[in-house]
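Next up is one chain by itself, shown in structure tokens, the form predicted alone.
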């Protein structure tokens, strides 16, 4: 027979255990409401999802690259929020200024890592790779505003677009196979860091595949401001086609220096080497207008692609002072992938970081509204390269974003067979 004393003892034991149970629940990194699991950066009561942006908002990379990309990301999700959010959840951002510094990127990441579900935009190869191990330890997806090939080998870093290495290869496919120039005299000038090394890898592969007459491979330090020696080396080499794996400020100085030295090859710019702001410099404008840019996607204002009309409306509504800019378009297009991950994770009932990772690996294909070609994802490095195509653009000050396509969208021989 159960006595009152026995029941009383059992109740005391249960009551004593409640604080321990409550403590265990409070230390969990996730919570559940209505069958939806949530992790850091998700407030189930307020129905908000907080994402991080790590980008240069000050310094030389901010104006031409960092700010337009971040504005594109925010414009996309402001539109989503104004149209019901993601299953009723609104997206908000914590933004940090990295000044394009790897050290600052690490510091800013650590400041926000417990407050965000994922990083929606991290600009730059060196800064992004400075946080890759931290992100992996946190199971934090990072949408990278860099096209480094090495992203394909990092499971928590998301590549959006054709890698730099393949851009270089497609550029020389255009020269050799589209224009019919056999054994051209070629060279590369590259920033001596991970970004530059990726361009150099693509150049060396292109030399082998297309039988280029390689006459110079010239590097410079990230903080260099005088390029006289490098340009003199290029001029002495006699290179007729020079690929530039640079950033806009270096691009401007190199081309201006070459002009002063009487050297005017066909400049071919890696996508981050160009900014429309370069065309605002009167003395530089006629010099850079001969250059080509290797990139991809729809030209600004081309409303024949379905996503352009919406992007232009959102730009006018949310960032009316934003001028036409390919970097804004990239940030906006980049966000199609982030949205698809969040949407898929929510459909799976799992808004934790592990839930986002599983959603990402199961995406298979993302329609980017024609702003970029459809992106394809999987679990292996080769499958994590979303696209391999490029478009060759001519710098043209009469165009809204400063460039016009001179080739169709294509994938060259070398790019199609490269493995990661």
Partner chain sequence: MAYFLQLVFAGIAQGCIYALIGLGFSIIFKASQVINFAQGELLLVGTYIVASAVLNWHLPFLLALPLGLLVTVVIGLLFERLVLRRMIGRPPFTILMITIGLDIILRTLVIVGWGSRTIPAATPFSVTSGFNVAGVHLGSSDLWTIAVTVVLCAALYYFFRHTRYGLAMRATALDQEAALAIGIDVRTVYALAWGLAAAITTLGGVLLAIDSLAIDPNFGNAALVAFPAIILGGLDSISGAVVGGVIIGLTSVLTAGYESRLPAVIGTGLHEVTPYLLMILILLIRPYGLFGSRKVERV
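Model, not experiment: these values are computed from the prediction. Note that the rigid core is defined as the largest set of C-alphas that superpose within 1.5 Å between two forms. Numbering follows the first chain given and starts at 1.
Here the subject shifts to the form predicted together with its partner chain, a form of this protein not shown in this document.
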(request) May I ask you to choose, among 359, 62, 366, 371, the residue with a heavy atom within 4.5 Å of its partner chain in the predicted complex? (result) 62
(message) Under a 4.5 angstroms heavy atom criterion, identify the one residue in 181, 187, 252, 80 near its partner chain in the predicted complex.
(response) 252
(message) Within 4.5 Å, heavy atoms only, one stretch in 341-349, 295-303, 170-178, 252-260 touches its partner chain in the predicted complex. Which?
(response) 252-260
(message) If the criterion is a non-hydrogen atom within 4.5 angstroms, does every one of 192, 225 and 283 touch its partner chain in the predicted complex?
(response) yes
(message) in the predicted complex, is there a heavy atom of its partner chain that lies within 4.5 Å of any heavy atom of residue 386, even though the partner is absent here?
(response) no
(request) Evaluate residue 337 for contact with its partner chain in the predicted complex, applying a 4.5 angstroms cut-off between non-hydrogen atoms, and reply yes or no. (result) no
(message) Since only the chain is shown here, I'm wondering whether residue 230 would be in contact with its partner chain in the predicted complex (any heavy atom pair within 4.5 Å).
(response) yes
(message) Can you tell me whether residue 329 touches its partner chain? I mean in the predicted complex, with a 4.5 angstroms heavy atom cut-off.
(response) no
(request) Could you check whether the CA atom of residue 193 moves 2 Å or more between this form and the one not shown, using the rigid core for the fit? (result) yes
(message) Quick check: residue 257 between this form and the one not shown - does its CA shift reach 2 Å or more after fitting the rigid core?
(response) yes
(request) Verify the C-alpha shift of residue 320 between this form and the one not shown: is it 2 Å or more after superposing the core? (result) no
